[in-house]
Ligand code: GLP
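Next up is one chain by itself, shown in structure tokens, the form predicted alone.
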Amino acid sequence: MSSIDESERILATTSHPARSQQERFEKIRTLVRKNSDEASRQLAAEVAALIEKRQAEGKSYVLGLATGSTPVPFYRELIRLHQEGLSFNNVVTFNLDEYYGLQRDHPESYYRFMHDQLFDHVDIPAEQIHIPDGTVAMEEVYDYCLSYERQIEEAGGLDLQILGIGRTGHIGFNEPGSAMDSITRMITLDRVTRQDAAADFMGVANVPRSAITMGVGTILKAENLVLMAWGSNKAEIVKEASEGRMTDRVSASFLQTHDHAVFLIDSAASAHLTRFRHPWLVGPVSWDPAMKNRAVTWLSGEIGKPILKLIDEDYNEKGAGELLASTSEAAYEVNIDSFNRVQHTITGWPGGKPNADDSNRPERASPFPKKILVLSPEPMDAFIGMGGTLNRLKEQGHQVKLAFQTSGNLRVADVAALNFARVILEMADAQSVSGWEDQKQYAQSIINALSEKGEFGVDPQLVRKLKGLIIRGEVRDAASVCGLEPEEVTFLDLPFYEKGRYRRFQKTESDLAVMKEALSETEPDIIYITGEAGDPSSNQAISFQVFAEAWEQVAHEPWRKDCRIWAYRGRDGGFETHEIEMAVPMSPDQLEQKVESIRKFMSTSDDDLSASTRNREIAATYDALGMAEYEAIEAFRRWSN
């Protein structure tokens, strides 16, 4: 790594390496990489070099580790380096945290997670691995936490601490209110934190309410700190922690005080940083039409004026004066151009309007009708992201195929399967004729399997299959609300999902084969897809990656050159106003219809139902820009590789 410029190193050797003018709003050194794989490769290479240096000196390297999906790409890269010859026999590890009350063999315990993701694949001696014990008796927790602190000190302190960041801005489990000098302790988990873990535990009610965590003060004692964040759903909290004021409401903000702290993020997680979101505020930019539109829509929202009412002084006072100066255009000329660009994104014909002038429409008029493939990573995603548009496409006569990339069976609660089995038994008992023996045996096997696995165990395939069938029924009901027939719904059941668990998915060639076949069979004119901005380890992101790779593999097929791809957003945040290239309005009735489709799923959460609120917010934004007033809007952006 010696050839890398010091400013580009992750583990910099100087305090506060020089930052550019563009980075001046950031109070923590922030490095942006294209994706999590690229970032993880560089960090793993630098860590490997330090481990080997310590080995040559006969010394240990003390590594603080985090759990969750964020560090998984980094751990996989360490495993790869080990397979190529890197030894970890001089590495001592300390994990940040552990759920309180989980046995170490519980599938969602961090002890189990770390062994599955790293320790079982490298040669760190067992006695050099330290993970908080969530089974310590309550009356012993205080002394246990003090002993964990002493173990870190006796090891010589942490050379490097790896961190993730939660939606509340927490590092470790240091929830809002954690003091800057806090040490290892038990803490009550925030409601948002528990909601984010709900899928892992088959429902928020099953998520532990407490955890043991290193304190902020413990973390800040590390020689180097690297906080990793991937995906657009982390963009807002990354900005708050990096550019906002230091506060115990966002424990990650305390990293601003550390000389060797760095945020290592991907491009999606960097989207809200000032240098990327509002680049004209930190330096000169190239004022192409897209950049003009971005600045004007921002300015309109910033000062609360419709686009066509902006004047020269508004541009100057808010730091966008360079737009007028560098283009020699008056405000009204810039305003009209931007107003037209935004207005042209609005369409009631998401599949294109036949026999119409499409020069200013988002989607082309022909062919008509179009073959449209809507891909949904999990069954609810398409209804959350584009339930209203689904209905419009169908009503306007297009050939719609709604394809669910995964079964979604991991989101089905045990009680749903249990109730199904009990109904079968009751029906069998109510029959006065024979012939129900097989059904009774099947139902009893489901009940037995659920009892044997317990509240948090791993579902056997028999149970997962039943849960998949249950959610298929919910999907058909939801699709019917949107006007789709059962034959217009298909399930791809990508193998990575059927064989995995949340945070532990890995795509294979089998997934690509299934996706490629679906594309080739459909030969679509339009594809709708989501997941490109999700956490790389999430089902949504992996489903998108499978699609993107399959898309490349069908590059030779004639239909592909005329196929357009529109990205929508489901659970992974929304688009910025300037990113929207197609805005599909919804009436109050259509919005209620969309909400009703989401309600068909028993696993629906408050966040899922808030999709209607997000759609209303987009409409309100368009209204504030000076567009026509709509009840709600679904937003889309063109995608290409």
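Quick note: we count residues from 1 along the sequence shown, nothing fancier. Every value quoted in this text rests on a predicted model; they were computed, and no experiment measured them.
The same protein also exists as the form predicted together with the ligand; that form is not shown, yet it is the one meant from here on.
**Q** Within 4.5 Å of the ligand in the predicted bound form, counting heavy atoms only, one of 131-139, 288-296, 243-251, 92-100 shows up; tell me which.
**A** Comparing against the ligand in the predicted bound form, the contact stretch is 92-100.
**Q** Exactly one residue in 467, 170, 370, 569 has a non-hydrogen atom within 4.5 Å of the ligand in the predicted bound form; which is it?
**A** Of the listed residues, the single hit is 170.
**Q** Between 280, 497, 110, 528, only one gets a heavy atom within 4.5 angstroms of the ligand in the predicted bound form; which residue is that?
**A** Looking at 280, 497, 110, 528 one by one, just 110 meets the 4.5 Å heavy-atom criterion.
**Q** Spell out, yes or no, whether the shortest heavy atom distance between residue 165 and the ligand in the predicted bound form is within 4.5 Å.
**A** It does: once the ligand is placed as it appears in the predicted bound form, residue 165 has a heavy atom within 4.5 Å of it.
**Q** Does residue 70 reach the ligand in the predicted bound form if we count a contact as any heavy atom within 4.5 Å?
**A** Taking the distances in the predicted bound form, the answer for residue 70 is yes, it comes within 4.5 Å of the ligand.
**Q** So in the predicted bound form, is the ligand close enough to residue 193 to count as touching (4.5 Å, heavy atoms)?
**A** Taking the distances in the predicted bound form, the answer for residue 193 is yes, it comes within 4.5 Å of the ligand.
**Q** Give a yes/no on whether residue 411 approaches the ligand to within 4.5 Å in the predicted bound form, heavy atoms considered.
**A** Close contact is absent here: in the predicted bound form, residue 411 is far from the ligand, nothing within 4.5 Å, heavy atoms only.
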